[in-house]
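Have a look below at one chain only, the form predicted alone, in structure tokens format.
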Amino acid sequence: MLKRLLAAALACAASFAAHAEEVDPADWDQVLQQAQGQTVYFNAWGGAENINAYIEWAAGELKKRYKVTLKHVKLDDTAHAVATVVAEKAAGRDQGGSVDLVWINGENFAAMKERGLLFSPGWAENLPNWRYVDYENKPTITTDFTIPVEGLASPWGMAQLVFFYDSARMEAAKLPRNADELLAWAEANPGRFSYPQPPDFTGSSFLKQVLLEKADRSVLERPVDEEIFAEATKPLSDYLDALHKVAWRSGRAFPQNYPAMKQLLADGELDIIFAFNPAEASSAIANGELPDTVRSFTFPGGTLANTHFVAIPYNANAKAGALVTANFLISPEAQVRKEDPAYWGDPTVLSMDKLEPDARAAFASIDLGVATLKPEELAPALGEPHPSWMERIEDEWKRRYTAEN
């Protein structure tokens, strides 16, 4: 998808010209002054009502505190924002760009970094609220899908793969503890497990989880080598061939996305599902989407984890406003609200040890919900493969498992 959008952007680029004021992230007083009155076009996924509401809250705070107007440009795929910046660069629009801030990680971050589309290395580390960030203990804050971040993006939230089940129908003692045990459980309980169809992000994450458990991780840390791709991914293909025989609808159909999979658990069609947010089950219970008997579990050996970021394109029109926005998003106040399942439930990027006592107390007072694992109960974090693996694995999945192929 990303490659196709980039090619289209380059092909249809037109001529633009604009002016943008130079910004020095290290001079924060000047940044605050320049930001007043600016409109920041924040390109971010718009597929969840709670996340959209959170961004709307942030927009209100930015307007009130800093006279910055935040406009949420709702995306269904971050690659569209990347393609826009590619087109503008090809057209010579090196100032006054239409994307001021973008929610990003993985292959999209790698593509923008590789093409020189990101603003000022190190800007994130100059943000006043960077002093609270737990970059020492959370390596995915400084290395995104094996790619060094180098301060080109500011961390916004943490994510880790967590599984859910309905305790009214399953016993905790019988839960699988790794991918192989999940397959064995699926074979003993045919039709009760599935995953969203790639390239849905949640579905692709499941493929990477299996691959990390069953393949040579050192190979996955490097860019895809076509000469060894088939050999490296054979354990994944063998696993999926076996799983699909006993999966929901015998692997002939898959849930479209995570919300569809969640509905199947609520309807009693599936017994085990998963999400990339440890608080997702509690949030769904609070919203009446899942029964209050749903609980979370994880694989003791580790599950896929990453950090998501906000980045500023090199040609952003409102760089100062984007810097102020990024700084607010990692403020203790904004991070407390984001971690609260009542609003979002997204784990914080901040270190509790670096916070003032009142901020630590605010985090401690959050009701994470009945189904949310405590931090000490989460599995070790498994780092993402190099971003080139995702698109290649998705292409191979489509070739092997979709009807048109």
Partner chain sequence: MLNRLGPTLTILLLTGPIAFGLAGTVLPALGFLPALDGMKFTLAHLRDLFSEPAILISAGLSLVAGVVTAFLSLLAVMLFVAGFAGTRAFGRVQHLVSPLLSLPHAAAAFALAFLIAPSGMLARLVSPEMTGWERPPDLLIVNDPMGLSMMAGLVVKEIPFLLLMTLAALPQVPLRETRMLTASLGYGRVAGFVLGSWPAIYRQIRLPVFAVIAFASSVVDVAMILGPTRTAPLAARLVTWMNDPDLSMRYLASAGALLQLAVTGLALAFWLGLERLGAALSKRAAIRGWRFNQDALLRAAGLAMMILSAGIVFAGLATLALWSFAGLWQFPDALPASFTLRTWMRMLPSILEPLQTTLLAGLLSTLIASVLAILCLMHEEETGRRPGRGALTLLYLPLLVPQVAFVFGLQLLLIYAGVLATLPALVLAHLVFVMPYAYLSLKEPWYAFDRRYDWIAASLGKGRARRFFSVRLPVMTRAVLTMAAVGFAVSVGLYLPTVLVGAGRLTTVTTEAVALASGGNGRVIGVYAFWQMLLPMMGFAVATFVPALIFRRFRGMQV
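Just so it is clear, the model here is predicted, and its values are computed rather than measured. Residue numbers count along the first chain shown, from 1.
Just so you know, the form predicted together with the partner chain exists too; it's not on screen, but the next bit is about it.
Shown here without its partner, the chain carries 171, 359 and 381, none of which come within 4.5 Å of the partner chain in the predicted complex through any heavy atom. Only one segment in the set 221-229, 264-272, 202-210, 146-154 has residues whose heavy atoms sit within 4.5 Å of the partner chain in the predicted complex; it is 264-272.
With the partner removed from view, the residue among 353, 49, 367, 29 that has a non-hydrogen atom within 4.5 Å of the partner chain in the predicted complex turns out to be 49. For the options 243, 158, 290, 110, the one in contact with the partner chain in the predicted complex, meaning a heavy atom within 4.5 Å, is 290. Looking at residue 163, you'd find every heavy atom of it more than 4.5 angstroms from the partner chain in the predicted complex. Shown alone here, residue 184 lies farther than 4.5 Å from the partner chain in the predicted complex, counting heavy atoms only. Proximity of residue 197 to the partner chain in the predicted complex: non-hydrogen atoms within 4.5 Å are present. Though the partner is left out of this view, residue 301 does not reach within 4.5 Å of the partner chain in the predicted complex, counting heavy atoms only.
Contact annotation for 80-96: residues with any non-hydrogen atom within 4.5 angstroms of the partner chain in the predicted complex are 80, 82, 83, 86, 87, 90, 91, listed in sequence order.
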